[in-house]
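The chain below stands alone and is given in structure tokens; this is the form predicted on its own.
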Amino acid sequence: MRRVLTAARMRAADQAAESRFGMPSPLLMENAGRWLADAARELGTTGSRYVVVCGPGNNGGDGLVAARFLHISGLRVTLVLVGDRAKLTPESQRNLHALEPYGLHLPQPLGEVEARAGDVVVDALFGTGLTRAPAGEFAEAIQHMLCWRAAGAKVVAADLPSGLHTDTGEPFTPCVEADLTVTFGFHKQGQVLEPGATLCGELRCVDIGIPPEAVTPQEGRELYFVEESDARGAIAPRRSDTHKGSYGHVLVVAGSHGKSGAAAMSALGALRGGAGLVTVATRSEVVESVLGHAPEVMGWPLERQGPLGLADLEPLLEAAEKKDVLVIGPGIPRGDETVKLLGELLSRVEVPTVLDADALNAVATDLEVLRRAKGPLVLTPHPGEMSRLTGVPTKDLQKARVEVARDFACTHEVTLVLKGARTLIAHHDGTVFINPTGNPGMATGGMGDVLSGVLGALLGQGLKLPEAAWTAVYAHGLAADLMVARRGRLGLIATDVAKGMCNVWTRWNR
């Protein structure tokens, strides 16, 4: 699992690498430039020209080193230096002078340079730490790079596409869009959050010599990027001497008239997630409809009519006996007493519980019920539901997803799965995990219902939080990605993803 840093922590790690571990800044720059040149060569073809656009900071120094290595390789290199040469950092000055013995042409005026299809542009204008929109000749340089890419040139960015905010992933205007971003040492927050993740293109993290120990731990503030090996390793292969009781019994409290499909999809998610047994507690009139989707599911009729309320408490407590995990919310009939019911139920049930959909909308009216829970809680809101839980407008929430998710999880002592592009998993100890899987084809109804079932299944199989949460989110998104690779994004539906979980387990030999 990769640690993700803010700009401030990255600067501190750079300084510690030199002061505590003896890795001088010139050597780190040399290593970064070599990796950058290697990446640029990969994007090029026979006859490509390499346009290296450098700023005055150390990011520009990385570009100057890359220009040297490209030139030594016998490639055609055009160098563009943006900004006042007198303001180059000492390391960048040294690397500019180091080009002279190789006969590399002096930096060319920006207006005299063109890049076409087949050429490669190295964006070394800005690195980490940009906090305002580029202006003047820097904005002009970015506009040129955008035009060159539109004409067919490939762009490789040094550490971060110029114009992208390092910490938020939000682009300033203008901002480079890269085909490949080479990040040095560690992932940066803006590279792994949208829209920055898209603007980075392929993201490649390379080792330039900064030891992991150079990063000072921040308890309660760590951010990690989940990789496939992490999720695969969380699920142990099955022993041959096991049975259905070995893999958990999931109780899904879901569904109502007109929304039986929500209960069915959550149950299917639990089955495809590997649960040994799945029971759905729902209004009696929709039980048969739910069971019609999968004969493996068992039904628990709730005989009353109308919204879930306190009168349903005893039947639900009876249903929850000997269950290993509860999933509550998809398609439930919500009313004035639903939050009171949830408060009473959570205060008496000690197993892990996943709250989704209308269960979230119910607890949003009284968040104190979360503190009454005896068992571990996982909340799985989409941005609209998260806005109702926090009172933060969706637009503002989307600009500060990490902070909002972390604060909520810590305040209410829950694990929070904030769904969306680059779903976040925030644990109540302050750790946040970023999930890279999933795609726009998932923007359709029922995806969250399936996820809640998969998450319930993994909890029922004994995975602990937050591991169960980020593993479920990764596997669910990967199932969608594998289905899209075969069938395309358009028309992907939630039951496709439930079925596609089998492709994940096959890939992972589980």
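Residue numbers here begin at 1 and follow the sequence given. Only a predicted model underlies this, so the values are computations on that prediction, with no experimental measurement involved.
From this point on, the text means the form predicted together with a small molecule, which you will not see here.
- Look at 338 to 346, 259 to 267, 125 to 133, 224 to 232: in the model of the complex, residues with non-hydrogen atoms within 4.5 angstroms of the small molecule sit in 125 to 133.
- In the model of the complex, none of the heavy atoms of A494 sits within 4.5 Å of a heavy atom of the small molecule.
- Residue contact with the small molecule in the model of the complex: E177 places no heavy atom within 4.5 Å of it.
- Interface residue remark: F184 is counted as part of the site for the small molecule in the model of the complex, having a heavy atom within 4.5 Å.
- Interface residue remark: M10 is counted as part of the site for the small molecule in the model of the complex, having a heavy atom within 4.5 Å.
- Checking D119, D358, D312, D159 for any heavy atom within 4.5 Å of the small molecule in the model of the complex turns up a single hit: D159.
- Checked against the small molecule in the model of the complex, the candidates A320, I210, L370, L203 yield a single residue with a heavy atom inside 4.5 Å, and that residue is I210.
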